[in-house]
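This document opens with one chain alone, in structure tokens, the form predicted on its own.
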Amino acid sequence: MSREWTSKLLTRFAIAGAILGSAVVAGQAQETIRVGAPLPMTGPLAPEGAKQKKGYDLWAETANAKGGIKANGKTYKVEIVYFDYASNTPRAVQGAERMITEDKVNFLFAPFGSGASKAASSVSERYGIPTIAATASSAEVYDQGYKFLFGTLTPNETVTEPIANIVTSKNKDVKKVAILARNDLFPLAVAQQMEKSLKAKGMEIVAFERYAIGTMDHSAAVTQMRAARPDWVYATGYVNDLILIRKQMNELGLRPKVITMVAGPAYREFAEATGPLGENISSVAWWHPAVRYKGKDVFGTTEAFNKAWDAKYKGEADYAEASAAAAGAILQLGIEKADSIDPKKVRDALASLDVETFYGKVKFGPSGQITSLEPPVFQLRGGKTVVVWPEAVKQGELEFFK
């Protein structure tokens, strides 16, 4: 072997090695799918942020334990990048942009609630990053003509019509309704939707009060509602709001035949904090552990999801926790259907999904909001939820206060 030929051979090996090394580095960079998740981990919405985080974490751990996400002939590990926006919507928007531009996330989970999700979706739409909102139900979030936003909660009328039908059909003495709503996108929108549903059934709205975000004393509103002598009180807000409202209703002697609160009673914290005062409070959630689906997602059946949740967190998931886990499972289905992590291809795959999951059937409407679920109506009894609708998962009948 000549010295010249040997030199050429070594040069070729060096070039090949450099190419191989570059490929390995590139491959390593693509082995992880990074999903950004801006959450309110501090501030007044911290309890809600913690719920979403638990759902995302369980999905990521489950997906990785089962070998990761397969696409484009590769297997990817899931990594969730968190950002605490301290319950401040403008910071949530800033966090979403930072995750895309600096953290280089591939996909996004929206912040908590309809208001922050709507605000942050303008960022992900601008950058063309598929985003799944796990806790945004208001139609106003999805009426912007955006193509990269998807939501796992059905529209607000799906959580007002069923309870309105049940109450009006079971108790003809319930005629007057007082509404108390947090002045925030989702709580106000669902209260206004409930007003429409009740008026359509001939009910009289005797009071419609709004309270500011951060309100720590509802006595004035509760006193005004008591003066109107309602048969039914319908209150909206988040868990800490509704715990306080329920306690002040009791202190001030507001005792209607029906109390419905959305969405706090779906959370264990509400039952624990209100104790006997939580008895017979009715509510509606977008999911309940009693449902039974045989999914094609990473969790499979609802029973399997319930078991995995209990093993990690002890107890049952509420709708917000399950919706967050479903957001991850749905994103995974979209990636695998697209057989790619290209944002546009994944977006198109998500838009065309029509599949059953542990969470229910997943099919998105033209706006990106899910249209395929029946949110269960339930009532608290003995600190536990009892489903009263739909018939397929019914556990009991709606009971009224005496």
Partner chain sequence: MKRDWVILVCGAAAIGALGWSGDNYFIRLLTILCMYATLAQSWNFIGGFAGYPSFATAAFFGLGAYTSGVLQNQGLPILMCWGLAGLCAAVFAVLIGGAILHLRGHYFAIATLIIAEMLREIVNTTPNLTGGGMGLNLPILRISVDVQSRVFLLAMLVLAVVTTAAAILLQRSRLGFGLRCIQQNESAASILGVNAYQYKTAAFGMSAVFVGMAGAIYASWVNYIEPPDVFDILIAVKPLVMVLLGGIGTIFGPIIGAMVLLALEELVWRNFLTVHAAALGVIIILLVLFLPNGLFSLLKDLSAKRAKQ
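Residue numbers count along the first chain shown, from 1. Source: prediction; values computed, not measured.
The form predicted together with the partner chain exists for this protein as well; it is not shown, and the discussion that follows is about that form.
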* Asked: Mind checking whether each of 90, 185 and 188 has a heavy atom within 4.5 Å of the partner chain in the predicted bound form?
  -> yes
* Check each of 291, 174, 213, 166 and return the one that places a heavy atom within 4.5 angstroms of the partner chain in the predicted bound form. => 213
* To do: Find the only residue in 72, 94, 158, 301 having a heavy atom within 4.5 Å of the partner chain in the predicted bound form.
  => 94
* Exactly one stretch in 37 to 45, 63 to 71, 341 to 349, 355 to 363 has heavy atoms within 4.5 Å of the partner chain in the predicted bound form; which is it? -> 37 to 45
* residue 126: heavy atom within 4.5 Å of the partner chain in the predicted bound form? -> yes
* To do: Indicate whether the partner chain has at least one heavy atom within 4.5 Å of a heavy atom of residue 83 in the predicted bound form.
  => yes
* Residue contact check: residue 102 to the partner chain in the predicted bound form, 4.5 Å heavy atom -> yes
* To do: Would you please decide whether residue 98 lies within 4.5 angstroms of the partner chain in the predicted bound form, comparing each non-hydrogen atom pair?
  => yes
* Stretch 102 to 119 - residues with a heavy atom within 4.5 Å of the partner chain in the predicted bound form -> 102, 115, 118, 119
